[in-house]
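Here we start with a single chain on its own, the form predicted alone, put down as structure tokens.
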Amino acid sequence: MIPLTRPVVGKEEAAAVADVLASGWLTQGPRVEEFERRIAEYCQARHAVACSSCTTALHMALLTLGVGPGDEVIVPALTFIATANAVVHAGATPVLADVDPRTYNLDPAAAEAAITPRTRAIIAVHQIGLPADLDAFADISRRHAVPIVEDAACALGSRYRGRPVGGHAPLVCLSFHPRKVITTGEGGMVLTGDDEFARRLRLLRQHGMSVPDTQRHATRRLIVERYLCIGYNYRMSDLHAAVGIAQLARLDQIVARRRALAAAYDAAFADEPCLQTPYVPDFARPNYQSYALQLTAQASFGRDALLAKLRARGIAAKPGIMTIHREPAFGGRCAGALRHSEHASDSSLLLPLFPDMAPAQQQEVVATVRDAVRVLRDGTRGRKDSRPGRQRPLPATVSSPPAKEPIA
């Protein structure tokens, strides 16, 4: 089975973890501080506050804005359920709005139409690494005095109008789950340019403690901490941060490889009338955390039929982004019609894409997709093999990835 994704880890990550184990400091400490500093520099943000996941990052971001019971937060209907879960964790009500059918990102017009006197925030999600229209959301924020939170779980390494995602909005939340471009195993982070927001976030992630552990243990002087607010155990450990530091050193190389693979897919499917390749606005340069194909109106078959054929032939494709309002936990919560979200979810699929994907693997994916489309469209019997002479060639710019180094 060609996997949907696979993280790139090697001897650097193993050595970094070994160093932390030898140091005796395993919880939040100096490695977390270093990881925060490096991410902030990369994203051109003033502050970075590490935490245990992007869900906890979103929760803290909303609490930092004062979101609570009786409030509403607008989120896209087409996104992973964690975005809406964070709103509920804050005690507020998620209001689901429709997406732009081309980008899968929250439609600014739909979000603005959903604003009520109870709206306290809008969460703009950068779906599968494609930056949302941040200028449009900034304009809405100014006109309605409603702050924007960026769910950038998938977008580290992406760029909006030439700048890295992470330095545009007052609160930007990242994920380091293994499905993301770089990973710490589990982990998240909030980026902010606001000093007071950063102070609140650091209190919230560690039980409201007034003094960080690194400061208390760095002196022989007795320091007795105080607990200034109700907080949480949302810390990242130094073990996770050490992996993240090693991963961050590879980020530009990983993103470049993902973009090359995506370009090869674009070229391979450009002449297939049943398939639509990803749309990328002029303002965006995505990291291609995932590669999504969408069935066009010319497809006489359903997305699930195509997925079944791919998986039967060893291609681990999966359905596109979920729609929150069709899940039992959030049934019936919406702001108007959600037809674009439903159509995008029902007609799209994600193809395998990972940095050490070999050209032969991508060629097999392309050949299998094209053959499955032909069989479903024409009702003819597909090939039983994928002989190279019958495959559609990929662009010559996609070369083999560097040899993967074993974990020490």
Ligand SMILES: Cc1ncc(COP(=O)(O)O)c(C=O)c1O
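This one's a predicted model, so the numbers in the text were calculated from it and none came from an experiment. Start at 1 with the first residue shown and count on from there.
Heads up, the form predicted together with this ligand isn't pictured, but that's what we're talking about next.
Proximity to this ligand in the predicted complex, taken as a non-hydrogen atom within 4.5 angstroms, holds for one residue of R313, R235, K180, H240, which is K180.
Screening T55, S348, T368, Q28 for any heavy atom within 4.5 Å of this ligand in the predicted complex leaves a single hit, T55. No member of the trio F137, S141 and A169 reaches this ligand in the predicted complex with any non-hydrogen atom inside 4.5 Å. Residue contact with this ligand in the predicted complex: Q294 places no heavy atom within 4.5 Å of it. Though the partner is left out of this view, F330 does not reach within 4.5 Å of this ligand in the predicted complex, counting heavy atoms only. Taking the partner from elsewhere, L204 is found to have every heavy atom lying beyond 4.5 Å of this ligand in the predicted complex. Among heavy atoms of D98, none comes within 4.5 Å of this ligand in the predicted complex. With the partner omitted here, the stretch from 274-282, 261-269, 299-307, 125-133 that lies within 4.5 Å of this ligand by heavy atoms in the predicted complex is 125-133.
Of all the residues from 74-90, those having a non-hydrogen atom no more than 4.5 Å from this ligand in the predicted complex are T79, F80, A82, T83.
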